[in-house]
Structure formats: C-alpha cells, structure tokens
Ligand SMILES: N[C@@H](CCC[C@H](N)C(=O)O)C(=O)O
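Before any questions on how it binds or moves, here is one chain, the form predicted alone, in structure tokens.
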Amino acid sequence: MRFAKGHGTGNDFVILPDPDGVLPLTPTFVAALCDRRRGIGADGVLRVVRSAAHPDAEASAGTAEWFMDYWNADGSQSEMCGNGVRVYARYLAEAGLVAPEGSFNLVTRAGVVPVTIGEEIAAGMPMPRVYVQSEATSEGRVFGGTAVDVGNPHLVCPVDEPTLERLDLTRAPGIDPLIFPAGVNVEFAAAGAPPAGADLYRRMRVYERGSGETQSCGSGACAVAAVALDHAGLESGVVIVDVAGGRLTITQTASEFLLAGPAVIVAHGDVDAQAIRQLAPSF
C-alpha cells in the first residue's frame, strides 16, 4: 500500500492513493496509521479516491472528479478539513492527477469545494454560519464562545494572550452536548494588531474533535475569522490567523470565503501492512 505524507501549516496527514476505492479502510486501521509511535503518525488520513468510486460522493461525480475521504486520527470521519483540502490538492498536482497550476473542484462530505493551486493553495470554503452562543470548560474555567458551522462544527472562544499561552489542551474541553451532539472543534483566539493588507488579526489554538490539539486547523481558522468579522460588524474583509504551524489568510466577500496558505508533500513510501495489522487486527 503506497502512501504520502503532507502538511498544511503543521496540520499533517497520511495520504492514501486509492483512485478506484478498493482499500477496505476501517476506523481501527486509520487510527493505527495515525499512531505517532507505532504507525506513520498524523492528525488524519486523506484517501484519494474518484468521486464515482465512493458512495458518499458519486452524486457529485459530474461536478468534480476527486473526493476527499477524510478520517480523523481516532478513526472517525469528518465532513470538512480546510488544511486537508489544500494538502489533498497539492498531492493531486504533484502526482499529475490535475494540472500543476489553476483551479478545479473537489468533493468533500460538506459539499463541492473550489481549489486554486499556485505557490500557496486557496480553497473556497462553505460560507460560515455564525449561529448561537455556548461555552467551553477547561481546567475548571468556563469560556464563553460562539458556535460556527463551516461544513463542520466549531466553537470559537475569545481569550487574551496570556490565557492563550497558558491553556492546557492535553484534554478535550467540556462542551454542551445538546448543542454539539456530534462533538465540536474548539478554538481559542486572541486578538492583535493586523499586519499590512489585513483588516483583522487573530492568534489561535485549537482542540480538534477526534485528533486533540493540532498545530493548525483550516476550517477552525475560518470559524475564528468569521466570528472576528461578525463582532467587528464587517460583511467582508481579510483576516490573518496565526496558528502554531504558521499563517493562514482568510478572505470573505459577498459571494465567497477563501482559505489560503502553504501545503507541502514531504514524503512517499510503502505501508508495511503486516506491521499495521498488529495494531489493527480487524483490517
């Protein structure tokens, strides 16, 4: 079984080329691949499969050839991953499956996403829906936040810089299961002075459902940007979001919501199926 390894601002993925959808992926096998000591290690798995070959995407096969079958590190599936979309697109380009530059569509479980490949990669994300106030609890402290749907669920909690630095995100923050019955990605964001060319600036840390604290979360950065623009009373603008793994640029207009940043493929290799089966006997 071939694989590649890539990351977008430190959010890293195992990429499995499976154009005809024949790999029998299971949650246990995916979790074993993502194990950082006994597997390859990653925040998630991206299966590269044609839309027509996957039941979750075949209805969109006429719109986009490729489907991003995304799995979290714990083996659960997710609707959307902004950094994953960009890394997936970089892999397609480097593998010669799409043109090395230009625009095309990808299918995700959150819908069809337009992607533009250049030095950086920009993805047209679902327009965020800012919808209700809620809370997250960490180390006994309650943080007020805003729920945002970016094709997947987020809770954005504003904090100051000292609090952002001190947060212990080795454990999942407590959340309201009535509002988030399927779990939620929790972002903590501190405001700062925007750099030249940006309207707003945030620095962010994130606890991703199914993966834990990660170096970056593209859809989470979009959620943070959406809340920042909403609280500033802006219907459009550019928001720079710094994460532990680098910098992302989010641009909102009346008709689109763009996430841009670097995406890199760092390695290619072969999975030792026998070794992985020792961790995932059901595979």
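We number the residues from 1 along the sequence you see. The model shown is predicted, which means the values in this text are computed figures rather than measured ones.
The next section is about a form of this same protein that is not shown, the form predicted in complex with this ligand.
Even though this ligand is not shown here, does Cys217 get within 4.5 Å of it in the model of the complex, heavy atoms only? Yes - in the model of the complex, heavy atoms of Cys217 and this ligand come within 4.5 Å of each other.
Can you check whether Arg209 is within 4.5 Å of this ligand in the model of the complex, heavy atom basis? Close contact exists here: in the model of the complex, Arg209 approaches this ligand to within 4.5 Å, heavy atoms only.
Could you confirm whether Asn152 comes within 4.5 Å of this ligand in the model of the complex, counting heavy atoms only? Close contact exists here: in the model of the complex, Asn152 approaches this ligand to within 4.5 Å, heavy atoms only.
Can any non-hydrogen atom of Tyr70 be found within 4.5 angstroms of this ligand in the model of the complex? Yes, Tyr70 is a contact residue.
Counting any heavy atom within 4.5 Å as contact, can you tell me which stretch out of 89-97, 111-119, 132-140, 70-78 lines this ligand in the model of the complex? Residues of 70-78 come within 4.5 Å of the partner.
Give, in sequence order, every residue of 183-197 that has a heavy atom within 4.5 Å of this ligand in the model of the complex, or say none if there are no such residues. The stretch 183-197, when checked against this ligand in the model of the complex, contributes only Asn185 at the 4.5 Å heavy-atom cut-off.
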